[in-house]
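Shown here is one chain on its own, the form predicted on its own, set out as structure tokens.
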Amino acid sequence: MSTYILRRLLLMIPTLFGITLVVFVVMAASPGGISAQTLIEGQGLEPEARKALEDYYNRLYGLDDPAPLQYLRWLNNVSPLGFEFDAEGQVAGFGLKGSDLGTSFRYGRPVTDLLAERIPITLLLNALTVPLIYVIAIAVGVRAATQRGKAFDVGSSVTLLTLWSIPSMLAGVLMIGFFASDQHWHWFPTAGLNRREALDMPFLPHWGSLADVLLLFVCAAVGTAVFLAAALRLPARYRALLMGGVGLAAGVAMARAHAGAPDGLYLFLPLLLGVLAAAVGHMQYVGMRVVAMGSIGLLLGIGLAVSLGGGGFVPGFLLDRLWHLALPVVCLAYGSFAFLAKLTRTAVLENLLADYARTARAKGVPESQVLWRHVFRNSLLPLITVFASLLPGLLAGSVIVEQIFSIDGMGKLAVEAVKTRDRELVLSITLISGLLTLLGYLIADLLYAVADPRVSYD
């Protein structure tokens, strides 16, 4: 196994070399190429100033050198092993040295500093999204496979297909229009990661008195306990009535919160939310029903505590950041969740009908053990394959969402680098994305061996 891993790691070096070379050739061969003229075009400078600025960029970045020499110079700079040059540009030696990703054309700052600012933002966005996608997708996909042809399978299939068909750019614009605009429900911010005031707040939420904190915990605990008890003990029709009532009340409150709501909205929203909530209460899938009703009870308890509290509540930096990330996370998650849930359903369904599953049932193995100990493990291979693409997607997969919600992450930085032909930035992002892609495939190959004993690299 160690030999296999070492060989794969060594093979990454020529692969990364090839990836960056292809990207550089495409940039150099595009109209205008990589030159000082492209950096200053459109600035309306006098001829003398234009010539001086071109000379400055050529001297700083070596843009007047032949394209192969530019690429070799960049490769030497990013490599920990290469040539060292003195102040006059002469070769001073060859050996180990520090890596330098260069200075951005557009920002005039070291690329390393730019990446250090943007990568944590994109990682945070995806760290919230990826676990959410996998947990919900596995729960829905497994349930749909075990309930093949029944109401849950049909309903989830229609819902997942609908979600998969909605482009994320359209969903993002609609979310901003309805839930962040002053014309409708101004519940979320339209852009950014924090309000300016949040930078002066404490990190965690803060209440005015200890009594308000105790009230919050009591209301949240009581609300959660009541709805969990209802989810586990009440008959289906009473659960549906309870949740339907909650949905009707939420619909009326939502219609009242709309500025200038038409009369039809007071009928449409209560009916829509009431039917959806009643369907959740009537659902036979115990796990999902408990999670949904428990979450609703928790939110109702928190809302009651806030309304009864004595004031002085400060949301804090953390809550403000989560408030800003709510819509981007939903926009980033729903499409991947729909795809992964359908993939899980197909894989589990295929293994449920396999001979080894029938043999296990014939030997008297309980159905839950057949599902989770045998079938689910063999169904992990497609999920592992998708996981291999998630690692590079942590940096580049949120391009559209970051553009729509004006989040200064890696996706937005990559788009700006390509638009301005920022050679240093484009090649550095390509290098990191390529490295993460290769690492993702290596991890996926290792996970194959963990999930399937027949796979061995010894």
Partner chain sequence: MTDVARMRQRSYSARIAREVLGAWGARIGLAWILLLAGVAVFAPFLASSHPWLLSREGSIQSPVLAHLTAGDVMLLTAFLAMLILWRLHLALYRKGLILLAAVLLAGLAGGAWLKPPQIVIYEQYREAERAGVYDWVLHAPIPYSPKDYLRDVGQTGLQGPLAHAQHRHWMGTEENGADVLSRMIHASRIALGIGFVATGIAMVLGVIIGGLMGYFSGIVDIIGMRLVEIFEAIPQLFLLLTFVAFFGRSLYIMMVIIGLTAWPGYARYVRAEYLKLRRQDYVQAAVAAGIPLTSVLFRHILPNGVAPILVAASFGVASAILAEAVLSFLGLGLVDDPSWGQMLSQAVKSSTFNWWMALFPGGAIFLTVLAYNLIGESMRDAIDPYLKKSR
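Values in this document were obtained by computation on a predicted structure and should not be read as measured data. Residue numbers count along the first chain shown, from 1.
The following text describes the form predicted together with the partner chain, which does not appear among the structures shown.
Proximity of S181 to the partner chain in the model of the complex: non-hydrogen atoms within 4.5 Å are present. Proximity of P66 to the partner chain in the model of the complex: non-hydrogen atoms within 4.5 Å are absent; the residue sits far from the partner. Taking non-hydrogen atoms only, P262 never approaches the partner chain to within 4.5 angstroms in the model of the complex. Among heavy atoms of S30, some come within 4.5 Å of the partner chain in the model of the complex. The candidate spot formed by E117, V142 and L322 is out of contact with the partner chain in the model of the complex: none of the three has a heavy atom within 4.5 Å.
For the residues G208, G287, G177, G155, the 4.5 Å heavy atom test against the partner chain in the model of the complex is passed only by G177.
The contact with the partner chain in the model of the complex, taken as any heavy atom within 4.5 Å, belongs to V173 out of V213, L72, V173, V252. Only one listed stretch (276-284, 313-321, 345-353, 219-227) carries heavy atoms within 4.5 Å of the partner chain in the model of the complex, and that stretch is 345-353.
Using a 4.5 Å cut-off on any heavy atom, the residues of 414-433 that reach the partner chain in the model of the complex are, in sequence order, A414, V415, V418, K419, R421, V426, I429, T430, S433.
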